[in-house]
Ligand SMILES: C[S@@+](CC[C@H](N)C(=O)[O-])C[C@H]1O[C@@H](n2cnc3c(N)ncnc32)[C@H](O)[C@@H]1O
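The form predicted alone is given below as one chain in structure tokens.
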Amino acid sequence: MSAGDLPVNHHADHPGFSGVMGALVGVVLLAMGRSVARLAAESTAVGPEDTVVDIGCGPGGAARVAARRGAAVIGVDPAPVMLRLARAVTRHGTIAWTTGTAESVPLPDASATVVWSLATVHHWQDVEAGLHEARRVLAPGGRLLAVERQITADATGLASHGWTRQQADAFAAQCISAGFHDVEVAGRSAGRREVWAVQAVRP
């Protein structure tokens, strides 16, 4: 398998975030994630009528952006250290925080109008299972959004955390296989970063 053919979840073996190092990463994410959070809210046109589920919410920056736009928000993350940090810096009463993964979202069927995963799909253990969970949680007409940093096929280390164009297209194909409609892949700018945004609709 060549670098360009790597599966979408090419960092699925990441050990996760915990302890002091996890807290430090969370603080860094607080500062770095603002532009992607704004892009997500604008791309999905989040408003007061929405319930947003943020998969891999980290310290909660994107969840807070959605809440400021009037949405009810559930932040889901497998790392307790991230959820503790998210709670500590959040003043919005419309955000709930819960432990979970993309493959196991602890929410009822059809309970959300928006599901997004920002710079985290490449860590999912099982992309197919994660997409089926997203489809289950979304109500008909609900919007799915995945955003990942644009990377090159030969990237290594931290620079490899993201998607090549081929990986973005592979994720889009998996969205179609999972039953999503109106699937689109677009290159977007988020602050100084170039990202891939994949959007889809649950029929």
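The first residue of the sequence shown is number 1, and the count goes up from there. Because the structure is predicted, anything quoted here is derived from the model rather than measured.
Separately, the form predicted in complex with this ligand exists; it is not shown, and the next lines address it.
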{"property": "Joint contact, V114, V137 and H181 to this ligand in the predicted complex, by non-hydrogen atom at 4.5 Å", "result": "no"}
{"property": "Proximity to this ligand in the predicted complex (heavy atom, within 4.5 Å), stretch among 149-157, 165-173, 51-59, 66-74", "result": "51-59"}
{"property": "Non-hydrogen atom contact L131 with this ligand in the predicted complex at 4.5 angstroms", "result": "no"}
{"property": "Contact test in the predicted complex: I95 vs this ligand, heavy atoms, 4.5 Å", "result": "no"}
{"property": "4.5 Å heavy atom contact, L118 and this ligand in the predicted complex", "result": "yes"}
{"property": "Distance check, L107 to this ligand in the predicted complex, heavy atom within 4.5 Å", "result": "no"}
{"property": "Contacts with this ligand in the predicted complex, stretch 76-98 (heavy atom within 4.5 Å)", "result": "D77, P78, A79, M82"}
